[in-house]
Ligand SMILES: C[S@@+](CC[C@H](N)C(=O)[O-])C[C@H]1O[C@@H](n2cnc3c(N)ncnc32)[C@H](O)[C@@H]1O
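What follows is a single chain, given as C-alpha cells, in the form predicted on its own.
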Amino acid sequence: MASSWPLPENDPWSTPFAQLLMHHLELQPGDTVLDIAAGGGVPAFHLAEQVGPNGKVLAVDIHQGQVVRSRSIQGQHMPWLQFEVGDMRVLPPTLPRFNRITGNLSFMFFRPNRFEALKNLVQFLKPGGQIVLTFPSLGTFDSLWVRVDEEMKQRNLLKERGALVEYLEERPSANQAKQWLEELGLERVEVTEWPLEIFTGPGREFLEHPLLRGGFLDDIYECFEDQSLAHEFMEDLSQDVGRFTPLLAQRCAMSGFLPGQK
C-alpha cells in the first residue's frame, strides 16, 4: 500500500538526510516519538503515518512560522501528530518519556554545548528507547572551505581567516557523536556517513543556491565585519566554482539505545 505521507521527492536536502534517519530508526506501530528541530515536517509526517493512530508524534521547532506552516499542511489529518513551538535544548521536564527521539538535520543546532544538549535530550527516552539524529558532519564541503581559506590567505585577510578557522573547528564530527553517545551509556551505538553531492554553477547560481545560501555560505559572510568586502570576496569566489566542485556533503546519522526494556 502506497504511503499517503512519503518523504517529499522534491526536497534535495532534508529528504536525503531523512532517508538516512529512517534507515537507522527501528519504529513500530504504536510507538511514541519526539521529533526535534522538526522544521517543515520532514520526516514528522512520515513518522506519524508509520506509528499510526495508536502512537503519538510530538514535533518541536523553535520557529513559530515553521510550526504554523506544518499545522496548515496537516489540517485535520493524523490527530496523533502534534506540532509545537519549543527549544530542543531546554525542553520542559514535565514532558513524558518517548520510545523514540528523532532529529533530522538537528545536531548542528545543539551548539554551543552539544554534549549537554544531547544529555538533556536523552533523559526523555524510555528504557530501551532509541535516539536517531542526522547532521552534516565534519568534512562537509571541505573543498569549498579550503578554497575560501586559500583566497583569504592570498588577500591577507587575517581576522576573517581566524573567524573561518573558529567556525571549522566547531563543526561536529562522526567520531564525536559516537563518543558522546557512548559516554551517556547508550547501547548498540552506530554512527554512519553517506556522501551527498550538491550541484551548482557559477555566479548567481552559486551565491543564491537554496541549500548553500541557506546556511553554509552565510557562515562565510559572517567571517567578515565589512559586508561590502564580503560581497566582493564572494562575487569573485562565485566565478571560480570549478576549483572547489564537486561539493560533497557528509550525511551523518547517530543512533543509540537507552539500556532497559521498551
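Keep in mind it's a predicted model, so treat the numbers as computed, not measured. Sequential numbering from 1, following the sequence displayed.
The form predicted in complex with the ligand exists for this protein as well; it is not shown, and the discussion that follows is about that form.
- Stretch 102-110 is the contacting one of 102-110, 118-126, 150-158, 184-192, since its residues have non-hydrogen atoms within 4.5 Å of the ligand in the predicted bound form.
- Although the partner is absent here, Leu144 is not a contact residue: none of its heavy atoms lies within 4.5 angstroms of the ligand in the predicted bound form.
- Put simply, Met234 is far from the ligand in the predicted bound form: not one heavy atom of it is within 4.5 Å.
- The ligand in the predicted bound form is approached by Gly39, whose closest heavy atom lies within 4.5 angstroms of it.
- For the chain shown alone, Thr200 is not a contact residue for the ligand in the predicted bound form, no non-hydrogen atom being within 4.5 angstroms.
- The listed set Met88, Met78, Leu164, Val132 contains one residue whose heavy atoms approach the ligand in the predicted bound form to within 4.5 Å, identified as Met88.
- If you take 225-260 and check each residue for a heavy atom within 4.5 Å of the ligand in the predicted bound form, you get nothing at all.
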